[in-house]
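Next up: a single chain in structure tokens, the form predicted on its own.
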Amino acid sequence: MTAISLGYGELALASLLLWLNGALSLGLGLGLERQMLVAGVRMVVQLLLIGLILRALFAVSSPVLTGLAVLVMIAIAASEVYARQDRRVAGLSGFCVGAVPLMAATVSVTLLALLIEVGPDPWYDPRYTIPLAGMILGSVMNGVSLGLSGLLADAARERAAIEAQLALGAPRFVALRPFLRQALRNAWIPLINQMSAAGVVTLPGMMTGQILAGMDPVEAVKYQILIMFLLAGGTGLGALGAVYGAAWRLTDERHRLRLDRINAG
């Protein structure tokens, strides 16, 4: 079985569904029609461009170009994490507290998948490296963003309770422990929900794509299970590093709460 190629006519026909949503928004006075149009145009342009870029990268199969592509993806994801925060750690550390765990988790888990689990030849084959890194990066980005947002908001809101614990002699990570736990729960629960629903409520995107491309369903399921485990590991490591890094930055060596290091987004 070979993959069915889609023409631009079929895509244009499918786009009528978005136009339908725009018409409903206009008719109901929701005010979302312009946003839908802009988002739809951006999606089409971005995906077509990335398709052309990936075609070129796949043809060259260069480890340097593949690595640069992954680094660009990580940089954009780190910028997204920083931009999503309503409250941010001030200065360059506010960017690094999300970017460093994001990069470390994505790179380490992607290398694990390439060198041990999947084992393409060569190991840096962009057909495997870029899709795997992209899926892992997206999950880690969401986990880091949710974890940081929860911790920084809780620290500002519960300032009196945290400072009371510190005044009684509690070390900084002990005083922040309930908020660290909640922040990590915020980061991990979406992925837990996704794993719980996979195969029963939803058919995950990678598995569906492989089946549509002609792969045996059982083999597609194996790949999807691998991906879910990789996403879980990457998200857990990234969120853990970001949350504890932010907690370290929000306090000092004298175990004082330093909310002056938080800026409004």
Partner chain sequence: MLVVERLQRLGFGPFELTLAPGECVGIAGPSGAGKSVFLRMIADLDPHDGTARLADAAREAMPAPAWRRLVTYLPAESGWWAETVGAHMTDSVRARALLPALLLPDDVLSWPVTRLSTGERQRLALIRALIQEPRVLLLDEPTSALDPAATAAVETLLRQALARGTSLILVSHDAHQTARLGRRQLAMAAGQLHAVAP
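Residue numbers count along the first chain shown, from 1. All values derive from a computational prediction rather than experimental measurement.
The same protein has a further form, the form predicted in complex with its partner chain, not shown here; the description that follows concerns it.
Interface membership of Leu115, defined by any non-hydrogen atom within 4.5 Å of its partner chain in the model of the complex, is ruled out. Contact annotation: Arg159 falls within 4.5 Å of its partner chain in the model of the complex, judged by heavy atom distances. Using a 4.5 angstroms limit between non-hydrogen atoms, His255 touches its partner chain in the model of the complex.
In the model of the complex, at least one heavy atom of Gln165 sits within 4.5 Å of its partner chain.
A heavy atom within 4.5 Å of its partner chain in the model of the complex is found for exactly one of Ala104, Ala170, Ala153, Cys96: Ala170. Just one listed stretch, out of 81-89, 191-199, 131-139, 170-178, contacts its partner chain in the model of the complex at the 4.5 Å heavy atom level, and that stretch is 170-178.
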